[in-house]
Ligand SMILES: Cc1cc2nc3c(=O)[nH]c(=O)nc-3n(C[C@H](O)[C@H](O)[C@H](O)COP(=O)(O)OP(=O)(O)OC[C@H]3O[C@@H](n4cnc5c(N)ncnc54)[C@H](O)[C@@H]3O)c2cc1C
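Take a look at this single chain in structure tokens; it is the form predicted alone.
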Amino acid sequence: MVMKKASKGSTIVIVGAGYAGVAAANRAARTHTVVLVNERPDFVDRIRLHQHLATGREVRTPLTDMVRPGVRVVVARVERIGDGVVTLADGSRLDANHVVVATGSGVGIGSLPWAEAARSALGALPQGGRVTILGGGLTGIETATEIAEAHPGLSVSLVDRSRIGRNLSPAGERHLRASLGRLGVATYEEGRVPSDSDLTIDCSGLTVAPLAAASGLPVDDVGRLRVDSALRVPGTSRVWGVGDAAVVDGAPHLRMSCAAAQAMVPHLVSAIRAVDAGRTPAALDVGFAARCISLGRRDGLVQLVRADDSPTTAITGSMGAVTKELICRYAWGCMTWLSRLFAAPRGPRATTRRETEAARG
């Protein structure tokens, strides 16, 4: 008797091959026909771009090496997204039962072209050159410390409009400042700026691709795709958003990050399966566990947090560096061999510790 191979369910076209897009493609591949569309043929490991910028570490991997057998990779620029259709720049179209917008924040600041341009400019500086990093968030801190360690002959300054490390626990902020001092990174905060600079690297904020807005889909004031608590775009039946490209109704704690992007993926795939089965998808319930910061290759800061991203304790120093590296490798596994097993942390409960403390006032 010849056994027929079971046919897969509906077709999902995923636009964007970052942390969320690759993870979603691999997780959905067991039960769906998956097409992954990306403008370039590589996956870019963006959580290591500060290393690429400072030392030239390779951050690109062919997408065909990242996805499971059966996932079709299409290298093309997407012109427009509709309810069940993706139009490519050459005028061709991909029809689908579901379209997932996973274009991330890989344009402008924090993108591969941004890192390569900064790396080239950095390499042209003479000994004693002055480098200014604008933005004291995670990207700015990692960029400043990586450059300071890899290029000790340069003078590095880190500039922020507010207090650097303000979202860390007291112990975490103390360690951050000690590490910046050890590496010789000068800090300018709350309106102070260095007098001059030979190179300025902007790390002041992530930006998203204009595709959602250009497609006439609802977006917020920075262009992020608006999605409901199930990750579906309001007013559509077959368009979904995930990762940095999307802002989730009722989830203000979800900052743009690899951690949030990957945490949304299990829910996304479950929600699509629910719709295919005629059920109402559940509301998103994900939160955070930590914020991880490289402070060069031998020092790190892993700020443990509550589900709502408020800080608790911190792992610092060499143990912080080891923990950060393991988490980066874990993020890779969550896209690939762990993609079908990964379970995200649950989101904030009705009353968090932060809210309790605020109420006590």
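Not measured: the values here are computed from a predicted model. The numbering used is simple: start at 1 and walk along the sequence shown.
Beyond the structure shown, there is the form predicted in complex with this ligand, which is absent from this document and is the topic of what follows.
Interface residue among Leu180, Cys258, Leu154, Val247 relative to this ligand in the model of the complex, by the heavy atom within 4.5 Å criterion: Cys258.
Note on the partner interface in the model of the complex: the residue among Val85, Ala76, Leu199, Ala171 having a heavy atom within 4.5 angstroms of this ligand is Ala76. Contact check for Ala20: a heavy atom falls within 4.5 Å of this ligand in the model of the complex. Heavy atoms of His50 reach within 4.5 Å of this ligand in the model of the complex, making it an interface residue.
Shown alone here, Ser105 lies within 4.5 Å of this ligand in the model of the complex, counting heavy atoms only. Residue contact with this ligand in the model of the complex: Cys292 places a heavy atom within 4.5 Å of it. The partner is not drawn, yet in the model of the complex one stretch among 272-280, 144-152, 208-216, 128-136 has residues with heavy atoms inside 4.5 Å of this ligand: 208-216. Interface residues of 22-38, taken as those with a heavy atom within 4.5 Å of this ligand in the model of the complex (partner not displayed): Val37, Asn38, in sequence order.
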